[in-house]
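In structure tokens, the next block holds one chain alone, the form predicted alone.
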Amino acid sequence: MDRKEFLKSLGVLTAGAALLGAEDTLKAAPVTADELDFPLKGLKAKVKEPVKVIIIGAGNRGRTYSGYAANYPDCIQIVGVSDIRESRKNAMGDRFNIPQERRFGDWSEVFKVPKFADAVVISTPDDLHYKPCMKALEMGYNVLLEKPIAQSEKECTDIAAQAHKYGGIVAVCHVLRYSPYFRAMREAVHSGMIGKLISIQHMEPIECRHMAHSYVRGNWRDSDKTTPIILAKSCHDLDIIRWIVDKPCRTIVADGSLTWFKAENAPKGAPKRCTDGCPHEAECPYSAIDVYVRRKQHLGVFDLKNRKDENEIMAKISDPDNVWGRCVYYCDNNQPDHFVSEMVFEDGTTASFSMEAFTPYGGRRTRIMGSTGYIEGDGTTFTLYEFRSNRKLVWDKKLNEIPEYRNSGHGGGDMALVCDFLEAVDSHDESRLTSTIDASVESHVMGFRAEKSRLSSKKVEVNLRRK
């Protein structure tokens, strides 16, 4: 297929992916389907004694993973914390009664003292994953590593090699693998319920305000300082596709660009900051005042004393040094706001992936085509259609009604990941993990090769075989 033909095909695939909206899915009456009633994993880790853990990076993700201790203190003990922000460091230190000598600033300070825990959680910014992970493994720690693994393909493979060299366990936070929804979807495929797997269409709708917050104004706006958006946002999706196919990826081809969030698209008279009297603020869907003050979304970046205090929020985004108060058309961003790719796997299975910023909702949309059946899901519920019998089987677990899962983000994946990690560390058996470091590196390589394809306008070989 030449480039022109490929782009035509992507147009079809992207249009197909767009059909995965909430109001345009195939309808099916709720059917009790024992075949899809896969058992939920219990979230309490089976460990001989509490696993001692140090949190490196006490922001949102660090707080999330450490929160496991609130429900299961006999499974995990938070014994150290590192964060360059005093407020975050001490908030976590106080919560878990961590002594002052175990409260560190920069991550490097953790490794200047003798090893005093079983594992570390690395939930620092993207550009601070590689060095602390390599040092932690060298010192004999096991690692729960926030995604993406690192900023380059070589750094990712270096971490895998370091884990093998020192015998450490590295669990990458591909939390979607651990959610009951995706676990059940994969089980349905691998149990033969739709025959032979033929192809997958998968879409990640970022949601328009989330895009503006994180990838235009926010911490992941610059692919050179963090990682390309296909990894910073969508390495989860490549990982899910690779996990469901369960075969090595042979080739990948991709396209996409930064189309909208540029100065040339700024409305006439718009100032550089939303708080400087923008004449378009009342109708702009990306207004910082609307997103943060009125809707009170994405407030975790502000370290607020009172999340309901609109004056405090307004003061934060009015600060000239605060990046989240900027007009989305005048930011130093370079991440694409739409990205499409096509993958071919070892057995001929194909997959198309579409990452879209301009949607009113988030949550993945997935279609899986098999030789005898079809699956369609919206991130919460999926329906399996059998061609011959015309049966429609629905997976629709109400996780918020199950106390154990009620406070676990990513559809239950956050706490299930921590549970598996603790069991893997306790038994020193990485097979307890749904995603080993080698599996995670493989899907990351797919992402780096996709970005290479996007920039070069060429199909790129992957052919990375797991050890």
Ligand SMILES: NC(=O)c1ccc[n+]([C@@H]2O[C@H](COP(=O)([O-])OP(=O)(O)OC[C@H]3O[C@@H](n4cnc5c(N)ncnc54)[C@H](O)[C@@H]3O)[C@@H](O)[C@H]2O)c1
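Just so we're clear, the structure is a prediction, and the values are computed from it rather than from any experiment. Residue positions are given as counts along the sequence shown, with the first one as 1.
As for the form predicted in complex with the ligand, it is not shown, yet the points below apply to it.
Chemist: Just one of I54, L433, L36, A58 has a heavy atom within 4.5 angstroms of the ligand in the predicted bound form, so which one?
Modeler: Contact with the ligand in the predicted bound form is made by A58 alone.
Chemist: Within 4.5 Å, heavy atoms only, which of T124, S179, Q151, N142 is in contact with the ligand in the predicted bound form?
Modeler: Of the listed residues, the single hit is T124.
Chemist: Are any of the heavy atoms in D83 no more than 4.5 Å from a heavy atom of the ligand in the predicted bound form?
Modeler: Result yes; D83 sits at the interface with the ligand in the predicted bound form.
Chemist: Against the ligand in the predicted bound form, would H298 count as a contact residue? Criterion: heavy atoms within 4.5 Å.
Modeler: H298: no contact with the ligand in the predicted bound form.
Chemist: Applying a 4.5 Å heavy atom distance criterion, does R88 contact the ligand in the predicted bound form?
Modeler: Yes, R88 lies within 4.5 Å of the ligand in the predicted bound form.
Chemist: I'd like to know whether N219 contacts the ligand in the predicted bound form, with contact meaning heavy atoms within 4.5 angstroms.
Modeler: N219: yes, in contact with the ligand in the predicted bound form.
Chemist: Go through 133 to 141, 372 to 380, 70 to 78, 171 to 179 and give me the stretch that gets within 4.5 Å of the ligand in the predicted bound form, heavy atoms only.
Modeler: Careful reading of the contacts points to 171 to 179.
Chemist: Is it the case that Y65, H129 and E146 all touch the ligand in the predicted bound form, with a non-hydrogen atom of each within 4.5 angstroms?
Modeler: Per the other structure, all of Y65, H129 and E146 touch the ligand.
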